[in-house]
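Form predicted on its own, single chain, as structure tokens, below.
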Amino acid sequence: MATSDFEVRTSSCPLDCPDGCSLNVTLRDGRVESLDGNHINPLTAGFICGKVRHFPEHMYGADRVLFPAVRVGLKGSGEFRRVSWAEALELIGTRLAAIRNQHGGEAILPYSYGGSNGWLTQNGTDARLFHRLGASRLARTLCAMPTSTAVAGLYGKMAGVAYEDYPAARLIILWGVNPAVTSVHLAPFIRQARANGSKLAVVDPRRTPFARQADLHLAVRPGTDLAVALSVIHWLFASGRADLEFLSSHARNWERLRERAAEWPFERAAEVAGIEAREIAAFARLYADSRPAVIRCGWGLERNRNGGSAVASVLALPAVAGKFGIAGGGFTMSQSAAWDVDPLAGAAAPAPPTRTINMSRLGEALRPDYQPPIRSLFVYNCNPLATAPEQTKIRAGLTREDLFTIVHEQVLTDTARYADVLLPATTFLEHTDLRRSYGAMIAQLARPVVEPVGEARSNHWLFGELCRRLGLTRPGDPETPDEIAQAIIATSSDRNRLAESFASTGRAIPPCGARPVQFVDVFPGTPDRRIDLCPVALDRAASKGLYSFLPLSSDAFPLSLISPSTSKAISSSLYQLVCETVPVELHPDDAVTRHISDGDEVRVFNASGEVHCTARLNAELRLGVAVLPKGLWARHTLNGQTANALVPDTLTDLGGGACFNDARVEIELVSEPACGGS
């Protein structure tokens, strides 16, 4: 009997999750058979999420893009003719050069997002190409821009509480985050803390798995986190529980924060948030009485017009309450601040002074009357039809015959179907990358463990080739992945240790160490190392000033539609593996008033569009909230529209972020169901 070639190799997961799992990849006969966790990253602890376990199906499934191709059918039809790489590159190079020469470089818009990419597949040769072309620049705002703007304003760059120190906390607050889905390796530390006697509080409109276990759950209305946090800050000052000694020594502008919070007694915040004042009071007292206490601030609370101020108010809490200076005390946000490197160093090309286009307003930017018009859209590391607001506008823009669209993608996404030139991209198991985690305190260098499927090529290779064809290479440019990695590492204050660690083990911990204590080992990255609780720059940037609450209600569309992550996909990635249609969830009492039963076909709509799907009743939602998961593809609803067809392209108060949770909708029965629905 013939034997098969069997081997286990190591890698690391770069997908958009804070944990940065290290992986064992089992190969059989030169193909990836399975993935599992190992202990190279201590946080992984030998297990990984179910999403990544399905990655071989992603690599070898029917939707994988195998060869370069050019469009032969109507835009959106997904009909392509196979071509060689040489023909595809010649066509792209010729068209980009012609567009630049006739309309200027700003007529070219690169569109990408880096959540699932590392230092070598984002902002390397791709940035070199577009910077030297003089293309329009992209403000990457779909996620984390309001958060990062708020954090930078208050704390500069400062690492947060490490997951490993959560068991030391006497209180853990999960605010706008669901670790059961988005950070599974934090969950064991929370469970360990609970076994040690720690209390748990959750702020979330849904009764998530951790909310079910919590000592206190504040089921706030979407977009009202700012009011709740300010009311707690007001109470801390008014009751004498604020740490004035800490504030005097380590903070600026705290008096201004105190003044603005004074407008928010518990009663007013409770009315706005749709909860009881006594619940907020219990939350505030629990926080004041607990030390150490840690807030795990997520990205859910930034996804509305008050998002930046909401994050700033939540992250001000440990300063006002004096929770720093002890293991397990303070806050955790993104741990990217633990690394003092310049990811753009590998591009070796400064950004040009060209216009910046906010990726959250792609639909507007693709309108024919947008000035000057976009003539070419180059999409990579992204699936905007499934991830950006105002989906209907984006689809209309992608159908423009005068728009030359290039898509470099692993699978045939909704966006890829609109490409004029479709290019096959490698997965993370097929190319080299170097990536810092933004939750775990580790960066890992991963080499390819398997040959690319079909003719897939990496971002690094593709954009390097286009630079050469367009005459944009320069003497001294770092060319290979290793050269680009070295250029990035060289920007760190700890460059020698990092270089040695990556060379010897393929991984490194940040300069601040694996478990820094805030205000002991790390301090704010502001010029005077003090917290600025009401930064002038942020105060001016917010339309009505920092910490100003903007109303959210709509009489015509009374339901708040939110689009959280699920256990099936990472944003829109891997959703091609989900075959069934996905229902909208709503509270049973909201369903009763609309004469909707479980399984009914319904229409979810507002002035921007409508989604047809089935209904699922969920008593663990708060009244007035409906849920359609983020990242769905057209195949997952009955009319090919998803939640993003209902999301406005208005922007957050800080950072110009997307307001996904500002979607206000109505839901009604479909009188004549499609597809044989009941």
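Quick note: we count residues from 1 along the sequence shown, nothing fancier. Quantities reported herein were computed from a predicted structural model and do not represent experimental measurements.
Although not depicted, the form predicted together with a small molecule is the subject of the following passage.
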Quiz item: Can you pick the stretch from 527-535, 284-292, 567-575, 350-358 whose heavy atoms fall within 4.5 Å of the small molecule in the predicted complex?
Solution: 567-575
Exercise. Scan Ser376, Gln335, Gln410, Ser148 and let me know which has any heavy atom within 4.5 Å of the small molecule in the predicted complex.
Key: Gln410
Quiz item: Looking at Arg206, Arg260, Lys393, His131, which is the one with a non-hydrogen atom within 4.5 Å of the small molecule in the predicted complex?
Solution: Arg206
Self-check item: Contact of Ser231 with the small molecule in the predicted complex (heavy atom, 4.5 Å)
Solution: no
Practice problem: Give a yes/no on whether Ala514 approaches the small molecule to within 4.5 Å in the predicted complex, heavy atoms considered. | Solution: no
Quiz item: Does Tyr370 reach the small molecule in the predicted complex if we count a contact as any heavy atom within 4.5 Å?
Solution: no
Quiz item: Contact between Lys323 and the small molecule in the predicted complex at 4.5 Å, heavy atoms?
Solution: no
Quiz item: Does the small molecule come within 4.5 Å of a heavy atom in each of Ala88, Arg469 and Val611 in the predicted complex?
Solution: no
Self-check item: Shift in CA distance, Gly115 and Ile295, in the predicted complex relative to the form shown here, given it is 3 Å or more
Solution: farther
Quiz item: Relative to what is shown, are the Cα atoms of Gly115 and Pro424 closer or farther apart in the predicted complex, where the gap shifts by 3 Å or more?
Solution: closer
